[in-house]
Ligand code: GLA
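A single chain comes next, written as structure tokens; it is the form predicted alone.
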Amino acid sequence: MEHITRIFCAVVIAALLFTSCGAKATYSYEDNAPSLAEAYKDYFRIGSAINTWNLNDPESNEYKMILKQYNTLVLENESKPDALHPSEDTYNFTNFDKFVDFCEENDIVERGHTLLWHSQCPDWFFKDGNGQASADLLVQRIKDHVTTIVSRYKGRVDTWDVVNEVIADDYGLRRSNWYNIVGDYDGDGDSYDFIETAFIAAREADPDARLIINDYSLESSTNKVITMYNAVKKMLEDGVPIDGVGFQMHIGLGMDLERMEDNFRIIAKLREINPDFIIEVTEMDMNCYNEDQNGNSIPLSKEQEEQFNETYVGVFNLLLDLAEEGVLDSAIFWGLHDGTSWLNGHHETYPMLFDREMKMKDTFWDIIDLPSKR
């Protein structure tokens, strides 16, 4: 009996030691949780879109998670045109200043999103009194807007999404107000002029900032990625200072990974013009949800979870390949965890590697191990 008692005590002690010292972490913010940023530091930066209210309480789990998991950050909405420049004579830098200060204090790379966009952009840009602004007026407003913002953060914000979503879903450029009003401003036969104006102004305001043209569906739409390639190729040849293309990467279950790789390779050909040209993944998530017959959200099925895992692991293996080739150096998730995703506006969804309680999903553990297998 004494022998059995000793064995039992030894087992209990071992279990307690494992629990206190070597237990596998459950939550993304725990001290002993592995870090995505740390695991991938030799390949590419890992980031997330946040909001400044995530930074209000250093004791909050979201605050701790940000510092634990990410080494590059972007604001989800607070640095878009309507937030930063709500009226012609009014700039609102309070939240962006807070964001940049936080990143600098914690050695985190800052991204600015976005200087020009057709959405979340105040109407005053395109008005002159009760009428439409002229091309001359809009070009000047683009210059003033970009110069004011980028020069304020010169040497502080690492990367700017200078223009966002300027490629049409079928082919050619989006017929936005920027496009329609500015048109072929310089008379050279193309209508890239509002894009060129923004990039040139950004380069002049901060010669060292990385300047990105950002869009969605580039990983899945052949027409769209070819349009992007042709547009950027022409602008690079004309001397426009575009440093890279941002793939938003709002993907779904069962994403065609072969097509994704093909489309990355198309954009990578721009390195033939500029050997330092880079690709970034800027807004990654995976739209996946499940509903019952009444349309109520329910957990993913086992098959969906397996597909979620297979797709995410495939994506990260591809990103590692591109990073090893020097093509890609940054991947940002569009949200901290499932509960903060913009996709929840349509239905309850599960797009991230962390659930609503900030627990690490099984897929996280598969992805965290990929670099060590290289």
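Note that residue numbering follows the sequence shown and begins at 1. Owing to the predicted nature of the structure, the values given are computational and were not obtained by experimental measurement.
The next section is about a form of this same protein that is not shown, the form predicted together with the ligand.
Listed residues 316, 334, 44, 70 were compared with the ligand in the predicted bound form; 334 is the one with a heavy atom within 4.5 Å. Among 190, 165, 243, 261, the residue placing a heavy atom within 4.5 Å of the ligand in the predicted bound form is 165. The ligand is not drawn, but in the predicted bound form it has no heavy atom within 4.5 Å of residue 210. Within this chain, residue 179 is remote from the site of the ligand in the predicted bound form, having no heavy atom within 4.5 Å. Residue 197 falls outside the set of residues with a heavy atom inside 4.5 Å of the ligand in the predicted bound form.
The shortest heavy atom separation between residue 85 and the ligand in the predicted bound form exceeds 4.5 Å. Contact with the ligand, judged by heavy atoms within 4.5 Å in the predicted bound form, is confined among 221-229, 292-300, 97-105, 113-121 to 113-121. Within 4.5 Å of the ligand in the predicted bound form, a heavy atom is found for none of 35, 359 and 362. Contacts between 229-257 and the ligand, taken as any heavy atom within 4.5 Å in the predicted bound form, involve 248, 250.
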